[in-house]
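One chain comes next, on its own, written out as structure tokens in the form predicted alone.
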Amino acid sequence: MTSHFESIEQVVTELAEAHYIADRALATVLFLAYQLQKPVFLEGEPGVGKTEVAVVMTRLFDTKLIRLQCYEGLDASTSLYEWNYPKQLLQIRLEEQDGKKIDEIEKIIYSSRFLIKRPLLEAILTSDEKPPVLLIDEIDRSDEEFEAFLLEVLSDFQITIPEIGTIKAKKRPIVIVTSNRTRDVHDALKRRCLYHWIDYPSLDKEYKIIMTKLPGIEDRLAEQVTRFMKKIRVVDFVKKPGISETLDWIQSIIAMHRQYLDEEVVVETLGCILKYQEDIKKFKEEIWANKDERATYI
């Protein structure tokens, strides 16, 4: 791996140059994870920029992003490897026609060309060239059984395929594990990682994010949206809007050729920031119906 992240200040600077506004706490975790070669566990509400950290790290290290999207029922074979059975059966028939013996056929069909590489195996094999960024996204959506399996991989970054043998990563991938905290992740997994909670941004930070991600935007609109989002996140919604919703909303407003927020455009574009009908109804009935309350948002 080339020389990167030699100081925390450098991490902050490089992230900013890659259009990711990070506070010193996150920069410190990324710096230490790089120096200690440990996975990073990022937890926080949806849409606050956890996944984006892995994307930015990929650009900074000029490497490959390998993403494992977690879900209920995810197992070792789906995340690690599978044998290409149809291709193996076809090869068996061809080899039998050539008069090959069983042990000879087994050596042929249980080789790497018949192996379907899933994200974890791909991350181990890709490290022969340049350590990739391995994103294990939304680990809280997977089962506890998969968490237990993942402990082995994160500890040694090696796997054993019975028909081939043990495969070990030559260089450890840069690992980012994310969680939306829909359930508690086991302590054993967190112990193997450096932990950081990414919260909703402050007023100043969100303004900087908007101006960085959407250069050329009118200051007035950026300030209005920032204040609006800060205030709306105090409301007890099913799903509070994150930074991704903020950026989507502003782009929608610009696409409508509006230069600032007004009552009409807020109502028309509510679906950009609130993603549940219950939340939209609550906003309209409990907040927007009150003229005095409505005035504090614009």
Partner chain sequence: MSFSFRRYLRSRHNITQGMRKAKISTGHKNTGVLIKQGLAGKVARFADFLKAHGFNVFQSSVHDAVRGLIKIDISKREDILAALRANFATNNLEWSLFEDLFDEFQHQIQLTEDTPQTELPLKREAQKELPDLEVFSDAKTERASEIEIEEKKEWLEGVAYSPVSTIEKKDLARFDKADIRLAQLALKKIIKTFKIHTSRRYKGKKRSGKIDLARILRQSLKTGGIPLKLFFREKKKRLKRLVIIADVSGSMDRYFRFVIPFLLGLRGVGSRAEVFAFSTSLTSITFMLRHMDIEEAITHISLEVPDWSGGTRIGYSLHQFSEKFGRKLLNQRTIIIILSDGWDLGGKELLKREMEKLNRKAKIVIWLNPLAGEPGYQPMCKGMKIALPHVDYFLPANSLESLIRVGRLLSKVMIY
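All values derive from a computational prediction rather than experimental measurement. Positions refer to the first chain, counted from 1.
Quick note: we don't show the form predicted together with its partner chain, though the next part is all about it.
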*asked:* Using a 4.5 Å heavy atom cut-off, which of 114 to 122, 202 to 210, 182 to 190, 215 to 223 contacts its partner chain in the predicted bound form?
replied: 182 to 190
*asked:* Taking its partner chain as it sits in the predicted bound form, is residue 96 in contact with it (heavy atom to heavy atom, 4.5 Å or less)?
replied: yes
*Please check if residue 284 has a heavy atom lying within 4.5 Å of any heavy atom of its partner chain in the predicted bound form.*
no
*Could you tell me if residue 194 has a non-hydrogen atom within 4.5 Å of its partner chain in the predicted bound form?*
yes
*its partner chain contact in the predicted bound form: residue 72, any heavy atom under 4.5 Å*: yes
*Note that its partner chain is not shown here; using its position in the predicted bound form, name the residues of 245 to 280 with a heavy atom within 4.5 Å of it, in sequence order.*
276, 278
